[in-house]
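So here's one chain in two forms, each on its own in structure tokens, numbered structure 1 and structure 2.
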Structure 1
Amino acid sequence: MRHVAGRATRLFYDLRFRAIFYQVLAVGAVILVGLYLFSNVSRKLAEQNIVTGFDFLWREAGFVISQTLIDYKPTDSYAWALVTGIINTIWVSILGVIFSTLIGLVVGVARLSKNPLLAFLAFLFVEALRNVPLLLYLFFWYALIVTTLPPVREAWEIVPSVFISNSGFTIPSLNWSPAHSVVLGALILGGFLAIFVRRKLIAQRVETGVERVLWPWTALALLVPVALAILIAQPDFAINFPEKGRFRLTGGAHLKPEFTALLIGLTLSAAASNAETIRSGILSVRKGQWEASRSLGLDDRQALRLVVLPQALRVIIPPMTSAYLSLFKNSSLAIAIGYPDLVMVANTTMNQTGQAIEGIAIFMLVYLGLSITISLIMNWYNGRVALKER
């Protein structure tokens, strides 16, 4: 018994054991509190004859969603309506992440320019967008599109086959079909194969010391799956160009004002924060790296792309993760201008079914899942670019 007690005492004083033990206790306490709250709420709702559960998801929705990326009809279920809202949220958020990163990179580098006018304009861009609430910018862009642009029959053709009016943008498009989805999947697969092949060839070059041209094999790995998918699925790549009629535009893809205003607002607001993050990351790299690059014959642009930015990524990635998370969560402001994202669809569902707790739980879990997914991806990439101790 004394031996067992001594072993238990040593185990308790082990720091790793205690850390795990306290975490298990904390998780258990949270689970117990959650079960208690769930039981209490369920009992109170039952006393008031309020129906609970998720059976309502399979009932007919009966409402229209104005903008959809997937096929949706009012006769579909509430579950499919929520899926449509989730896809709308993810779509506008992903586009916002891509565009805000590109714009932020340009503006962040411009702030470090030796040209005083360019640096000042970049400074104005950042300060103007960072110090005004996003919601006001959404109202501003939506009002600008709806009130100042011409009606559809007088739409401006800003570039060939691209029209802009108070009903949004109309651009050329493909008539998307399952065959196009197969080709897109093959392109993604080819991208992963190209990365794998490139790494293998680089590893062989390091081991053998034999120089080998990489790009033909990388291009082959990328294009072969796409070519096979095209031969098998045989998609129609005919482009549907919009045409201006007497009263309306026909053909093409129509980006409505709500989507356009939301995308512009999210993109520019996040781009201002990203620009400052990128600028601070570049400034964190020592000046000696610039000097060493010039001594190797690189100009400033090559030095930035090949030497400075790769080192700055270890400083840039963590705050950029927070910026991406904020962009996804800020997309919930879409309800203010009428874009049918997850929150708007969930609100309509709750108003029709009266099951608010379930609706709130659904979009909370969706946003939690998206946030965790983004964090995992960005943390994985941060681990790839982080400096490793030798």
Structure 2
Amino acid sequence: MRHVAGRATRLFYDLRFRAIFYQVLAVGAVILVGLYLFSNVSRKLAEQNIVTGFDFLWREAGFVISQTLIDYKPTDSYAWALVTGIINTIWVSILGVIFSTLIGLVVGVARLSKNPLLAFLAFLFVEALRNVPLLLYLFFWYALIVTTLPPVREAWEIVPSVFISNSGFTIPSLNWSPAHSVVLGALILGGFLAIFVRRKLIAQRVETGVERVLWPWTALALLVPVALAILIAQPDFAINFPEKGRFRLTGGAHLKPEFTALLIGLTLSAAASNAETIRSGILSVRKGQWEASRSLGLDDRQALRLVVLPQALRVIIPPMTSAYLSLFKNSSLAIAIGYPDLVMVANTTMNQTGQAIEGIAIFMLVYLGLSITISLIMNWYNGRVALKER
């Protein structure tokens, strides 16, 4: 008997066992609370005769979404409307991430410039943008577009067939067809192929020491797939020119002010914080690295690109991950200026069906899922650039 009791006590004082025990307890408690909440809510809703469940997702949505990347009609289901909203959210976020990184890099480097005017301008940019709430900036950019540009009937035609007005920016476009998608795919493929070929050639040059002109091979790798795709798919290159109708411009491609204002707002405010992150990353690299690069004969730009930035990335990536996440989540402010993102579509859905709990659950899950995806990608990238201890 005493032996068993002794073992139990020993188990209890075992650090590993305790750690696991407490974690199981904590997870269990959370699950229990979750279950309690779920049953409580279902019971209350049933008591109040409020319909629950996800059946509404398959009913006809019956509302128009003004900007879509995929084919959506009001006769489609609520589920499809939500997918359209999710894609709109992702689209504006991806563009925001790309542009804010590029602008952030330029501004961050400019802040470190020896040219005082450039450094000061970069400083002004950062301080002006990160010290005002994003929502106010969204209203500002939107109001700027809508009030300063002329109404669409008096649109400025800056170059023939390119119109700018408070309904956005309209340019001639192709009538997009699957054939065009094939060509686009071929272009992307060619891009990867070109990068691959170039790397191979450089590796060969390092190995053999024979100088060879690289660009014709790279260009070939890029263009051959595209040429093949054009020959096979035979896309129609007829151009669709915008024309002034009674109310709007019809035809052409159309960049709407809601989207533009949101993209500008998200991009610039994230660019300001990214600039600071990048600056701090560059400053975190020791002076000795610069001096060593110079003594190797690299000029400042080469030193920055080849020596300093790769090391700075280690400091830059983790805060950039949070910046990207907040950009993605901030895109939900779109609702204030009328861009149909996930939140707006979910809100409309909730209002038309009255199923608020389900609607909120859907958009929380989507945000959670996408945020975790962004984190995973960034953590993977962080692992790649992290200091490899050997």
Partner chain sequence: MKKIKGLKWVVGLGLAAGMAAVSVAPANAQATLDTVKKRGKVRCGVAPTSPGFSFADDKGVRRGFDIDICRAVSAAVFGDPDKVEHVPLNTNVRFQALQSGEIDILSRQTTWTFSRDNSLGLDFGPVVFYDGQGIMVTSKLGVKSAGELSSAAVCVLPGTTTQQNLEDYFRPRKIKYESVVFENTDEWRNAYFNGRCDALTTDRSDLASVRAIAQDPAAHVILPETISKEPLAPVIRQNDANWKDIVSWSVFALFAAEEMKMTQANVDTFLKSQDPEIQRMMGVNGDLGKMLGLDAKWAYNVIKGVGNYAEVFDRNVGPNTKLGLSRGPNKLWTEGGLLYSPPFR
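Superpose the two forms; the largest set of C-alphas matching within 1.5 Å is the rigid core. Counting starts at 1 and follows the sequence of structure 1. These numbers were taken from a predicted model, which means no experiment stands behind them.
Taken from the form predicted together with its partner chain is structure 2; the remaining one is not. Once the cores line up, the CA of Glu127 ends up less than 2 angstroms apart between structure 1 and structure 2. Pro242: CA moves 2 Å or more between structure 1 and structure 2 after rigid-core fitting. When two forms of a protein are overlaid on their rigid core, residues whose CA moves 2 Å or more are considered shifted, and Lys200 is one of them between structure 1 and structure 2.
When the core is overlaid, the C-alpha of Ser173 ends up 4.1 Å from its other position between structure 1 and structure 2. Once the core is aligned between structure 1 and structure 2, the alpha carbon position of Leu220 differs by 8.2 Å; this is the C-alpha shift at that site.
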